[in-house]
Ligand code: SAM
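Presented as structure tokens, the chain that follows is alone, the form predicted on its own.
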């Protein structure tokens, strides 16, 4: 069974979770030292505690399946929150389900949901991005998708990179996009901040970031069709932020409600400006065909 554990406040450990962890023949966790302290604080004496993390998950699967096939019970937990959410365990759960084992869950704390519901942003349609790629084209493409998304987006970020991520989001989304930055949720120094990306960047630069952060980004505003000058200016800004011309054209097309042909033409003009990318330069994605 998948057992959610507190993301900060020990009082959030559900009674069902306490019973399940005490009764399980095996508790699989990311870090036995961390989880051992958690279990001890909750008064739980596990029958057996073993590590299951990104580096050894594949090697642990057969051991766990053998225990399940003999009628044993296994509880899977992460260091904090709901297992498998930006944490290992998916391969184990898939293998257990394929083997015919009963896979159940004891739901509970989740940093994603906690940040989303206190953000003050839309909750009807939303997407979870986990940790963004650290660099390269994959990061630029993910940022471009966030800028265009018509859903609230939630992502995790470390204190070392949160200021840089907010700055990049402000570049591709514009400084006026609403955002909520939450950290240390349910802990003593819990902080939930709401404002615009421009304000968030200024605040991140002026203060020392501590603790894991959850960023909740508002959906892209519904846009009216933009004029040629506005399109060129928007695409130029996206190019200067590091997007390939093709990605910048697509982002502007969605964000500004422009026709595909107009966005493509504007991207060619923007790429010829100072700071814009030469459409024929090495490493630049090929231009999209005109539809």
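Bear in mind that the values here come from a model prediction, so they are computed numbers and not experimental data. Numbering follows the first chain given and starts at 1.
There is another form of the same protein, the form predicted in complex with the ligand; it is not shown, and what comes next is about it.
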Note which of 172, 214, 76, 197 lies within 4.5 Å of the ligand in the predicted bound form, where distance is taken over heavy atoms; exactly one does.
214
Interface residue in the predicted bound form among 141, 94, 184, 150, criterion: non-hydrogen atom within 4.5 angstroms of the ligand:
184
Please run the contact check for residue 2 against the ligand in the predicted bound form: heavy atoms, 4.5 angstroms, yes or no?
no
Using the partner position in the predicted bound form, report whether residue 82 sits within 4.5 Å of the ligand, counting heavy atoms only.
yes
Residue-level contact is defined here as any heavy atom of the residue lying within 4.5 Å of the ligand in the predicted bound form; does residue 109 satisfy this criterion?
yes
Within a 4.5 Å heavy atom cut-off, is residue 137 in contact with the ligand in the predicted bound form?
no
Within 4.5 Å of the ligand in the predicted bound form, heavy atom basis, the matching stretch of 85 to 93, 164 to 172, 197 to 205, 118 to 126 is 85 to 93
Restricting to 157 to 175, the residues within 4.5 Å of the ligand in the predicted bound form through any heavy atom are 157
